[in-house]
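In C-alpha cells, the next block holds one chain alone, the form predicted on its own.
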Amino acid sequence: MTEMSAMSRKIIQNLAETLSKQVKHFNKTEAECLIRLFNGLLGEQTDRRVGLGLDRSKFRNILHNTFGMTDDMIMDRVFRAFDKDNDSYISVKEWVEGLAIFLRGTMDEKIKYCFDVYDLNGDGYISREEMFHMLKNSLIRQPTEEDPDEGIKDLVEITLKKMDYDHDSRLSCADFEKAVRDENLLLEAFGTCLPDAKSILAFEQHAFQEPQER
C-alpha cells in the first residue's frame, strides 16, 4: 500500500468516526462505506469543482437510477433537503446526514423531511398552490374530455379537508404531522420522496459490502 492511500484511509476512518457520533442511524463502519461511495461518485463528476461535493445532476442520477424516482420537481426538492447550507453541492457530511433519514429515519424525522420537501417556497406551510403543483406533477395525465386541472383542484380540496386541522386553508407542519400519525399513507401524499424498502435494501447491500483489498 502506498503512503498516500494509507494516509487517505486514515483520513476517511477519522471522518467516519466523527460522522458516526454526529449522525444517528449509522455506525462507524457504515459511515466509512458511505464516505467511500461518496468519493467514488465524486470521481465520476465532470465538474472540476468536485471539492465542493456532489452537484445537482449527479445527485438526481442517483435518485433516479438507484431509488427509482422520476418526478423532476420532487427530485429537485430532495436535493435541497440534503443540501442544508444551500451552496448547490452536497458535501460528505450532508450526504451521510441526508441518507440517515432517507434510509433509516424515524417517523418523526421522515415527517419533517417530507414536509420540507413539499414546502416548495420554504415559508413553513404547504399552500393550496403548492399542493396543486405537486399533485398535477405527480399524477398520470389521463386523456379525458374534461379539464384535468378541475380534478386536481377537487383533490386539493379533499386533501385540505382531511389534513388541515386548524382550517386556515394551508398545511402547517403540525397539521401534516397529525394527519400522517392518524394515517401513515399520507406521509408521501404529494409525491414519492422516500425510497421503497426494496431500493433501500439494494442500496445498503451495495454500499455496506466489505471493501475489497486492492
Partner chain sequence: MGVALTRAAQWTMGKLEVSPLNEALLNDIVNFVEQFNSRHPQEAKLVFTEPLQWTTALQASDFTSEYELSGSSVHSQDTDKDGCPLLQLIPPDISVRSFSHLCKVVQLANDSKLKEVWACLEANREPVVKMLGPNFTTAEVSDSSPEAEFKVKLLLILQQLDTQLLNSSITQLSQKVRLSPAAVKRDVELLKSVCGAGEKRLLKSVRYTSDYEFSNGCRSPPWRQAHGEIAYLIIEPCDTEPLFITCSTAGVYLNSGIKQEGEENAYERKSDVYKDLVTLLKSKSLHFTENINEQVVFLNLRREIKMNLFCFHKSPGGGTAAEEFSESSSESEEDEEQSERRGESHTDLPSEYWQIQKLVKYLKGGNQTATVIALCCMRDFNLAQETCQLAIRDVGGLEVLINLLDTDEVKCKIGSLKIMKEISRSSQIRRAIANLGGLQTMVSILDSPDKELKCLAAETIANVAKFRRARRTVRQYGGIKRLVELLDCVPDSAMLSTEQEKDVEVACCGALALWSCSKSTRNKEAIRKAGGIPLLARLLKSPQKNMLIPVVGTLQECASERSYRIAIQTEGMIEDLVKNLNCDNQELQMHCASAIFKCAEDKRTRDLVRQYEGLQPLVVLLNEADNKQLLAAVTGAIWKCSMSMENVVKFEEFKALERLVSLLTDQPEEVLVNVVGALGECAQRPANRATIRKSGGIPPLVSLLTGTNQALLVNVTRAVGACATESENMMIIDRLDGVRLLWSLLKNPNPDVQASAAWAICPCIENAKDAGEMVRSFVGGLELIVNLLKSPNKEVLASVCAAIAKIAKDEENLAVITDHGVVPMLSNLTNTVNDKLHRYLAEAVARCCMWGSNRVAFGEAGAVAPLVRYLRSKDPSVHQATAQALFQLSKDPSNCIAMHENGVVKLLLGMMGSTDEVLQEAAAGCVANIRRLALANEKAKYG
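Positions refer to the first chain, counted from 1. What you are looking at is a predicted structure, and each value in this text was computed from that prediction instead of being measured.
Keep in mind that the form predicted together with the partner chain is missing from the display, and what follows is about it.
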The partner chain in the predicted complex has a heavy atom of only one listed residue within 4.5 Å, and of I35, L155, C173, L41 that residue is L155
Tell me, which of N137, S88, T106, N121 has a heavy atom within 4.5 angstroms of the partner chain in the predicted complex? N137
All three of T159, K162 and E183 touching the partner chain in the predicted complex at 4.5 Å, heavy atom to heavy atom? yes
So in the predicted complex, does E188 come within 4.5 Å of the partner chain, heavy atom to heavy atom? yes
T192, heavy atom within 4.5 angstroms of the partner chain in the predicted complex: yes
